[in-house]
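Encoded as structure tokens, the following chain is the form predicted alone, with no partner shown.
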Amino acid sequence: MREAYHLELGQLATKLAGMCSKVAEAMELATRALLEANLSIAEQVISGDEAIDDARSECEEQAYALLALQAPVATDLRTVLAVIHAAESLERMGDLALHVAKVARRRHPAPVLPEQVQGYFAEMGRIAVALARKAEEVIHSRDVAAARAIEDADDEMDDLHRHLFTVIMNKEWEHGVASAVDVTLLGRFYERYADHAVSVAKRVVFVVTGRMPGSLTGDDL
């Protein structure tokens, strides 16, 4: 019975890692749709969001079944609770990629982004996808040092997000209010995506250390 129980815990972690892969692919494609004004790629992201929602439901159902039937304690209990919360964060990451794709679809065939901010979003997309991939690795490895590196990468995203505001607010901005609103919303989508990746990393730290860090400092290593 215990062997089967721990097998189920391993399956939960595998499903969660699979969600990381799905949301990474969704944001990678959404960023391409945004930068290339590619409607077919945007539609691919939009239609694929249901699979991410289903993956969260599967994780939660299995986790709640384990809580009800096995009454886990200590590390096992932390693992089950972490899966429930991390699955929610990952679903939201998928939703944020969905929002990016919907903006690209709404403005099609016109490009959403003025040329002067395309580089920002190319880099924000790269960081976002890398964060999701790193979260996948951390779930498998339970490496707290690697989890801390995720927060460091999130700082890069925050810096880019702040710089976007300086571009939009500059008196030389000549693309109008509607474009400024699009850029502001899109920047927020990427920034929140990164924050949720950090949240997933913190859940791994919680499983390993028994503490939920406010930030991933050297004390958690």
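What you see is a predicted model; the values in this text were computed from it and never measured. We number the residues from 1 along the sequence you see.
The same protein also has a form predicted together with another copy of the chain, omitted here; what follows describes it.
Checked against another copy of the chain in the predicted complex, the residues Ala149, Leu77, Ala130, Ala122 give one hit for a heavy atom within 4.5 Å, which is Leu77. The contact residue chosen from Arg126, His85, His140, Arg105 relative to another copy of the chain in the predicted complex is His85, the criterion being a non-hydrogen atom within 4.5 angstroms. Taking the partner from elsewhere, Glu58 is found to have every heavy atom lying beyond 4.5 Å of another copy of the chain in the predicted complex. Contact between Arg32 and another copy of the chain in the predicted complex is not found at the 4.5 Å heavy atom cutoff.
Of the heavy atoms in Lys134, none are within 4.5 Å of another copy of the chain in the predicted complex. Under a 4.5 angstroms non-hydrogen atom cutoff, another copy of the chain in the predicted complex has Val73 among its neighbouring residues. Remark: all three candidate residues (Val177, Arg188 and Arg192) come within 4.5 Å of another copy of the chain in the predicted complex, counting heavy atoms only. Exactly one of the stretches 59-67, 23-31, 37-45, 150-158 approaches another copy of the chain in the predicted complex with heavy atoms within 4.5 Å, and it is 59-67. Residues are counted as partner-facing when one of their heavy atoms sits within 4.5 Å of another copy of the chain in the predicted complex; in 80-102 these are Leu81, Ile84, His85, Glu88, Glu91, Arg92, Asp95, His99, in sequence order.
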